Structures are given as C-alpha cells and as structure tokens.
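Presented as structure tokens, the chain that follows is alone, the form predicted alone.
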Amino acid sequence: MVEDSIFLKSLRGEEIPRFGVWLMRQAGRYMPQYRQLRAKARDFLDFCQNPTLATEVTLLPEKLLGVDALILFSDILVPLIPLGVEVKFLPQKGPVLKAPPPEEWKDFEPSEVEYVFETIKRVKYLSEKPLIGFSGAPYTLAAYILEGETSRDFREIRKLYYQNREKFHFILSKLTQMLKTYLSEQIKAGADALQIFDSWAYTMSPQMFAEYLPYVEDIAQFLKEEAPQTPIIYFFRGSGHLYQIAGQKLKSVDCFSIDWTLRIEKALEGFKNKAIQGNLDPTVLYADKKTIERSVIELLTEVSKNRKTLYVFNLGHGLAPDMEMEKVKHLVDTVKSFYL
C-alpha cells in the first residue's frame, strides 16, 4: 500500500529501514526515453497538456531509476494560463509570459487544466509508488509574470516590493487563492504529497522573505485542513540565509526541501520536529562514480547521526539535461544501499 511507502512513512516520522530517495527533474532531458516521448509533441506546452505522454514521462523514473516516489510531469506555469496569462516555451530561451494587469485576471477555473488532474489519475492507476503533485509558490510565479521570462535576479518583482507594496501584496494574494484551488484539486485527483516550489526565493532579502511567507503558510494551512493526511513540502532556493525564517513562519509545512547553501548539520538543528529533504549539490553528478558515492554516503552518515527518519534524500535543485543517466542511477542505488 502507498501509505506504507518509505517516502511517506519518513515524512510522517515513522520508522524506516533506509532513507527514501527521489530527485527533482528526475524525468527530464538527460533520459533518452524522455527525448523520444518529447519528440511526439508539438512543443513543451503541448507535451504537458497531453495526459498520455505526461503519464508515460512521470512513470519513467520508477522503471529506469527505482526511485521511492514519482513527481507529476507538468510545469509550474501551467495554472497561470486560466488566469489569462499567455505562456510560451521557446527553444533555447525557455518560458516567455505576457500577462494582463492583475486587476483583469480571470477567475481560476480548474476545468481548464483538467489534463493535469487526468495525468494524476492515470499515474495512480498504473503505479503503486507515491505520487507528488506540485505547484510554483506565489513569489516564484509572480516573479515570472512580472519579468516576462526567466532571469538571474528577477529584479521587477523586487522593484515592485519597494515601489508599490500594495500591488505586490495584491498579486501574491490573487496567486495564493488560485494555488489553494489548484493544489486541492490535485489531492482530489489522487496526489499523495504536494511540493511547493519557490525556485527564486533566494532573490529576496530576509525582510522581504519574512513578509512574504504568510502566503505560503496560508496555502499549506488550507490544504492541511482539507486533507490532513497529505504531506506538504516547501522547496526554497537560498536556504542558507533564509532557513531560520522559513522554520519560524511555516508551521503547517511538513517538510523543508533545502538547497546546498545550507550545511546539513544546521538544517537538522533548525528543523528538529520537521522533515528535511535535500541537500546534495547536483553538480556532484558531473564527477566520477566514486566521488558521487562518497558524497552521498557522507551526507547520509551525517543525517543518520541525528535522525533515523524525517529525512528524504534529494538534490539541492533539479537534474540538468547534460547529466549522465548511468550516474544518476548510481546515485539512487547508493542511497538505497545505505541502511539505518
């Protein structure tokens, strides 16, 4: 039964024989099988909106890597489309967005992203692995909307924070309401856990982060009231300077997924009663297998000194397209060979 999975038991703080493992972007371009499926779609957005292809991609890591959890194949920008935001994915450039003023955004209608929920249902029918649903966090989505594309520092949302605090909070409030519905519908479709991605959190100052986090807490609290059994994971880049604030503000989050800017010892101390996920630097996968193995064992040894559960192995960010699948598989196998 999925409830007995190592992944979910660890998030609940129950006894486990070893630490669970899954990887962000575990179904991605580094896999030849992914590229074969991707070639069947017109573009990336069409790929995400095709439940047949999205289901196949979601299932690939179970078969090819042997991970302990699957994550829905989709994109964090998908739920912006029903609001009236134009989203395109351009080759070599990535996402490009064109949004109307926030006052003119449409009400979020879940039926317009039914393909997401259909993919969840299909994956749950075909696999007994826990399935992680997900969304972007309000700040990260707002950053994309205001910038119109990806950016190194997402200056536009930070400018708005200082120039027009009222509008800043208005946008975050609108996105928060949308995400409550979107994630709730993922749970209804069958998602066993949810991860909220704040990929651009590191662009915030500690003051800005503290002022923003109540929106994430609002989402997590709402979901916990609707489905207390569904773990909520919060991934935030910039963990090194933001982790204490996250721990103080996010009472309804079950697991903090951290990047490599935070020493694992500090995370274990800072999140004593919460689960931790991460935090190996993904660039270790460009090294040889011995280095990968040593890095994994060192991390797991340090974790196991302090806890035997409430930890899930992951990277500090996602897998890159030019990584070697053989090394990724070796990393997963190494984690699975480390018994407590």
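One rule holds for the numbers: they count along the sequence shown, beginning at 1. Bear in mind that the values here come from a model prediction, so they are computed numbers and not experimental data.
Not on display, but discussed next: the form predicted together with a further copy of the same chain.
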Q.
Please tell me which of K121, R263, K88, K106 lies within 4.5 Å of a further copy of the same chain in the predicted complex, judged by heavy atoms.
A. R263
(Q) Using a 4.5 Å heavy atom cut-off, which residue among W200, Y234, Y212, Y182 comes into contact with a further copy of the same chain in the predicted complex? (A) W200
Q.
At 4.5 Å between heavy atoms, only one of the stretches 214-222, 76-84, 189-197, 238-246 reaches a further copy of the same chain in the predicted complex; which one is it?
A. 238-246
**Q.** Contact at R152, Q163 and Y286 by a further copy of the same chain in the predicted complex, all three, heavy atom at most 4.5 Å
**A.** yes
**Q.** Heavy atom of P100 within 4.5 Å of a further copy of the same chain in the predicted complex
**A.** no
Q. Does any heavy atom of R158 come within 4.5 Å of a heavy atom of a further copy of the same chain in the predicted complex?
A. yes
Q. How about Q229: is it within 4.5 Å of a further copy of the same chain in the predicted complex, going by heavy atoms?
A. no
Q) Quick one: is P206 in contact with a further copy of the same chain in the predicted complex, heavy atoms, 4.5 Å cut-off? A) yes
